[in-house]
Each structure stands twice: as structure tokens, then as C-alpha cells.
Ligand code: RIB
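As C-alpha cells, one chain now follows by itself in the form predicted on its own.
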Amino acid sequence: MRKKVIIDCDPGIDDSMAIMLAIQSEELEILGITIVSGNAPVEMGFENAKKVLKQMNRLDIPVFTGARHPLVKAYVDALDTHGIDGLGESFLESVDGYHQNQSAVEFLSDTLRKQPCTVIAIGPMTNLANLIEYDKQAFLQIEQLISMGGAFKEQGNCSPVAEYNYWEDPEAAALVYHTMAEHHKKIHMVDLDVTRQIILKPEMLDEMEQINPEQGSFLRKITKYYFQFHWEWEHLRGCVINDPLAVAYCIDPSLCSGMEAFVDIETQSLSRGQSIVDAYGYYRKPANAVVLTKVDTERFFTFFIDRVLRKKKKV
């Protein structure tokens, strides 16, 4: 049985790589892609998603635009990280048309009411928070919620304590975590503790381009800016590709391990967006998350490279 999934994202370089991995994984049936403002504004994210789907010969997958701004705070994009086009300044040819009649929240509501499925949330959680307000019963039909976000022991990537997706809309993330806790459900938190170990090195990209020139060239175009950003800011020889790990974990949970814990999201002051992981049970609250702390990096890259470089299938 193929796992039915919806990808909620903000493409973004690593979001695009995550979409590529999901498309190339036969274990997944992608019902749709919903876009939220995050790395790029929602309209730009919509355009970038279409570019990736065209590259992968999968323009049959519907894409829906969602929230244009966070619930409370002003929107702050991450184009300094992802380039002025949101896709590494690759300036790929645009894909005309393809607009949907439904919004992201309407699509999520209708789809989840028809069939429980997995949601892979690799952007801010604004669309999911809006779904809770619009149709809470549909939200509760999510079979498994995998979120690339947060940090446990690792330092943040947009503040000393906060990871970008949760920092961008902490009120939305807090609402999602609170709602899961109220209904005794658990979010699978693919946090910086594990994603910071997923570093694409230049020599890996060289090998990928040799194995599959078309896919390798596409990856080089969208990651060139990413490599430069990581070197300038962290003197890191490579780039961290957070989001593909969430997709890989959805397919093969044995790639990562962690612990169950109660998690809350800070919405105030200097620590806005921080994911508070109650690892020792101080709050005496039931776990609402599976917090990932370890990843088999080598096995992940074998998994990722093997699938992304496979011959694309036309639908």
C-alpha cells in the first residue's frame, strides 16, 4: 500500500529537493502540495513548486496556495538564504497556468474528510493552524503529522534558540502542538538536531551530476547559492538540506531515532519560536511529540541519492 501524503511547504531550495525525493519514492502517493509563505512569499513558492514538478514530469500533482502571512507577527522571508527567486537564483523558466479553484485550507479540509492521510509539513505551520480554525475535525483526521521544525539541544538557525519554520509563525506552531496534545496525538518533530547533520558536500554533487547529468545539473543550479550562503555565514563546506530528511523519515522511520516528550512553542520575547522539549517530564504532561535526536547520515544520503537520480517516470 502506498502512503497517501500531502506536502505542506514553502519552496525554497531544500523544500524543492524534498518534493523531488517524494516524487521519486514509489512508497508515496502525493495527493497535493500546499504552499505557505515562509522561505519565499506564497506566490513565489507556488511558482517554484511548478518549476520542480515540471522538472520531474509531474505537473499532474495539484498545488494550492495558502497563507500569505503568519497569524500574528509580520512576515519575514528567507530570501537571503534561498536567493531572490527563492530557488537559489537559478531563474528557471516559469510554468504558466496551473491555478486551482480551492485554497490550501479548503483542499486540506476536503481531502482529509474523505481519507485520512499523512501531512509532511516542511514550512511554517500557518496553513495547519488555519485548518484548525476552519475545520478542526478535518485536522484531526491527519493520520501522521511530520514536521520539519524546531530544535532540542541544537542552536537555532534564525535566533540563538529558534528554528526558522517555528520562529516564522510561533503562534501557529503552538496552536498545532496544543491541539495535538489535547487529542492525545503526536507530531514527529524532525528538528535541527538531526537535520544539521544532513550536509550535502560539493563532491557529492559532483558525483550526482556524473551519474545523472540532467538531475545533477538541476540540483547544482538550485543549490549553488545555498553553498555560498553556508560558506559565508558558517564557513561550512557544503549546505544543510533540512527538508528531504522529513520525507525520508516518512518512508523509512528507521533512519532516525529519538524520544517521546511534551513540546511547547514559545511565543513571547527574545525566545519567540523556541521549541521547549520537556525531556525530563517536569510539566507532567503526556507526550505530544516524537522528538528526533539521532540520524544515520550515511544511510540517508545513500537513500536520497539513489532515489533522486533514478530515471523519471512520466505519468
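Start at 1 and count along the sequence shown; that's the residue number. Just so it is clear, the structure is predicted and the values come from calculations on it, not from any experiment.
The next section is about a form of this same protein that is not shown, the form predicted together with this ligand.
- A residue is said to contact a partner when one of its heavy atoms sits within 4.5 Å of a partner heavy atom; Asn165 meets this definition for this ligand in the predicted bound form.
- By the criterion of a heavy atom within 4.5 Å, Asn212 is excluded from the residues contacting this ligand in the predicted bound form.
- The shortest heavy atom separation between Met125 and this ligand in the predicted bound form exceeds 4.5 Å.
- Interface residue remark: Asn39 is counted as part of the site for this ligand in the predicted bound form, having a heavy atom within 4.5 Å.
- Partner contact region in the predicted bound form: 235-243, out of 235-243, 169-177, 127-135, 212-220, criterion any non-hydrogen atom within 4.5 Å of this ligand.
- Judged against this ligand in the predicted bound form with a 4.5 angstroms heavy atom cut-off, the residues Asp14, His82 and Met148 are in contact without exception.
- With the partner omitted here, the residue from Ser103, Ser109, Thr118, Asn157 that has a non-hydrogen atom within 4.5 angstroms of this ligand in the predicted bound form is Asn157.
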